[in-house]
Structure formats: C-alpha cells, structure tokens
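Next up: just one chain, as structure tokens, the form predicted on its own.
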C-alpha cells in the first residue's frame, strides 16, 4: 500500500482529508513534457483559462471557505476573505503581466528593430504555506501559468486538502492536468522536489530557516529561478498621538489577526515611553475582549487556534522563556482548551531584557519595547535581520518621512496595520524576509525572463575597417548583403 498523508482540523482534532504521497520523479516528468505546448499558446488563451478558474472559485466560494476554515482553524469570515483574494488574483495578474513583461519594439535605422519579449522558465515548483493555503500559493501559481510555465504545486503537509481543492478548480476551468500537478507529501517530498534536476525554478513561501536552506542549495544552480517569500520580526511604532483607542485597535489588528499567523503580523510594539502606560492599558483591554473559538462559532471569533499543538506548545514555551529572561508580563498567554491549539493573546514587556531574540514567533505573542526618542524607535525597529513589514502609528508627516526613509522593510505603512498590503502592489522583504523577488503585482518579474533581439527583414552586412587589401591591391568590395 502506498504511503498516505492525513490532514486534521486544528479546532477539533478530527480527520479531514487523506491522500497518497506523490512520486516526485513521475510528476516532474509529466510537467516537463507538458509545458512547451502550454507556452506555445497565446497569452490570451492562458488568460481565459485562468478567468474561468476565477469563475469556478466564485461558484464554489462557500465550499472552499469552509474547507480553509476547517483545515487551518481560521474563522470562517477570514477564510471567505481569502477565497475572495484567490478569485481577484487573476485579473491583477493579467494586468501585471501586461505592465511588467510587455513586448516592446524600438525602430532603428534602415529598418532595424530592437525587440524585448519574455519567455517562461519551464517547469516551476511552488511550495505553499499553511497559513494562507489557497491565496499565497495561488499568488505564485496564477502568474506562473499565465507566463507559460507548467507548475508542480506542493501544498503544506498541514493543509493538503485545500491544495488539492485549489488544483481541482484549476483543472475544472480548463488548465490541463499535465500543466498543473499536485504534489502531496511531507518535508521529505518538498526537499526532493526542490532539489530535482528537472525543475527550472522554485517559488517558495514559508519560514526563514527553510528559505535559507533553499538559498544555499540553489547557490550552485544559478540558472534556476529562486523566489523566496519568508517571514518577519515586524515592528509597529506608536508615537505622538492623542487617539490611544484608535492606536490600540491598529496594534491589536497588527499583532493578533489570523492568530498571529501572518508573516506581516507585528511581533514588536515599539512605543514612546510617555505614551506607554495609557496605550498598553487600551491594548490589554481590547485583547481581553477578543473571542478565541472554533471557526464556525457564534458569535464569530476574532481568532481561531494556531495550526497544531506543536506550534501552540512552542509559542507557550517562548512566552515562558521571555518571562524568565526579564520580560514583564502585561497579558498572560493561556491555553483555554486542553489538548487543542487555542491560544489567548500574550503581551510581554521586554524592554529590560539585555538580549532580545531576533526570531519570528509565529503566533499571538506581542513584545513591547519602550524608547525615549524617535531615533531610538527607528534603531529598535531596524534591530532585526528580517525586513518584511513595519508601521508607524501617529506622528507627523515629517516623522513618517523620516521613518519611511530609514526603516528597513519591503512594506512600510503609516496609521495602518503592519498586515495591510495591496495585491496591486509588490509584496516582499529584505534580509531574512526575502531574496529581492517581491511577489503580488511583481510576481510577473520572476515567472518569465526577458529576451532582447536585434531584427531586420533584409540581410545586410559590411566590414569597413581592419581588412587586408585584396591580391590586386584594390580595397575589398563592400556591398549590401555580401562582401
């Protein structure tokens, strides 16, 4: 009997899905054979297939949202917003492809043309995360297919059911089965796919640790595309503002949306010391009101569980380590339901800690750092090897200009949460957050490569210097078309 992968609902522990582990060699061979015919189709043909996919997503929106909610534990209302993003991605990708990878011709002298066109890489692997198991991998899959690549999609081993449903919707819309392949398996399957000589590139969303391993692996294969979208230790800075209530709402949204399982969630609240007590009282009061419950609960929860008990155990341990290392507890992180990975928001002041860990604590855990000056706030915001998202709450336009100019991040917001990013803009980070391959609107850049051409309808050639005289002493005859 072939090995199987199982998926469980975090909120209940019940079995949700099971499927056989894929044979990577077979899947790569199928995708490689299929991509030339797909690439030969007109881009309008591929775009229409993807628009039909968007229609299929809309037609099955509630079914897909329910599946995402059950498999990730996120509230149903949030799963519905993810499904909406999946459907909207197609039109955004078509527009991005036209703007970022257009065909261009520049007329030259004597009928010479200089042309720039783009080609697909070939067979691209996509490794998807569990926190947005449909939207984030689709952010790679749709632009890759549009550009003419075939795709081997391996969903997270924690959310394979959503990945399988996503691929089913693509196939039902007319994307050939051979062009988009579902690869099911755990970490070993992912490593086998990433290292397979038959892929022409890898598009990855996940942890910095895995991304660093991939970067080292691909260093010896510069001919293969590698796009890394990793996490962040993101700062939210609160400065001079009289509206502490609104500031607290933005802090809570930044830190605890999606149970803290977004790569753009705020991990560190950096605050002017004079504002700290008043703001933290508001933040704690609001955090106390957040409903933590299963995805379909009534009233609707703000947070569901984290992905599994292993993640919950790790976050609880991290909170205890911070507390034992000098952190002052503002709000305890608790496990309200024994045996299940529900966590209440944890808030801890780490200002007095001599060394603060520069890691991504992927869950509802917010660290507070008090500072005296705005320059110290910027320095603390940049006190990380990551560089994904940052936000300033309050302050003046001049302070925001200073913050924007000096904060090292790929997403910088003002009076908005750290997790507010438009799909119509590039999305990516620097440092341990990415490798300068931003996704979203700029995904077209890494799904096709530019080809420059110099072209002429007529054959013309000449060499006007550097030739010996002919034997009769006369200079060589130089005419259009031949010497």
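Fair warning: this is a prediction, and the values are worked out from it, not measured in the lab. Numbering follows the first chain given and starts at 1.
If you look for the form predicted together with ligand NAD, you will not find it shown, but the lines that follow are about it.
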Quiz prompt | ligand NAD contact in the predicted bound form: residue 362, any heavy atom under 4.5 Å | solution = yes
Quiz item: With the partner left out of view, is residue 128 within 4.5 angstroms of ligand NAD in the predicted bound form by any non-hydrogen atom?
Solution: yes
Quiz item: Using heavy atoms and a 4.5 Å limit, would one call residue 157 a contact residue for ligand NAD in the predicted bound form?
Solution: yes
Self-check item: Contact of residue 302 with ligand NAD in the predicted bound form (heavy atom, 4.5 Å)
Solution: no
Exercise. Go through 205, 142, 101, 258 and name the one with a heavy atom inside 4.5 Å of ligand NAD in the predicted bound form.
Key: 205
Exercise. Find the only residue in 263, 390, 79, 271 having a heavy atom within 4.5 Å of ligand NAD in the predicted bound form.
Key: 263
Quiz item: Going by heavy atoms within 4.5 Å, which of 327 to 335, 289 to 297, 190 to 198, 393 to 401 lines up against ligand NAD in the predicted bound form?
Solution: 190 to 198
Quiz item: Looking at ligand NAD in the predicted bound form, is some heavy atom of each of 186, 214 and 230 within 4.5 Å of it?
Solution: yes
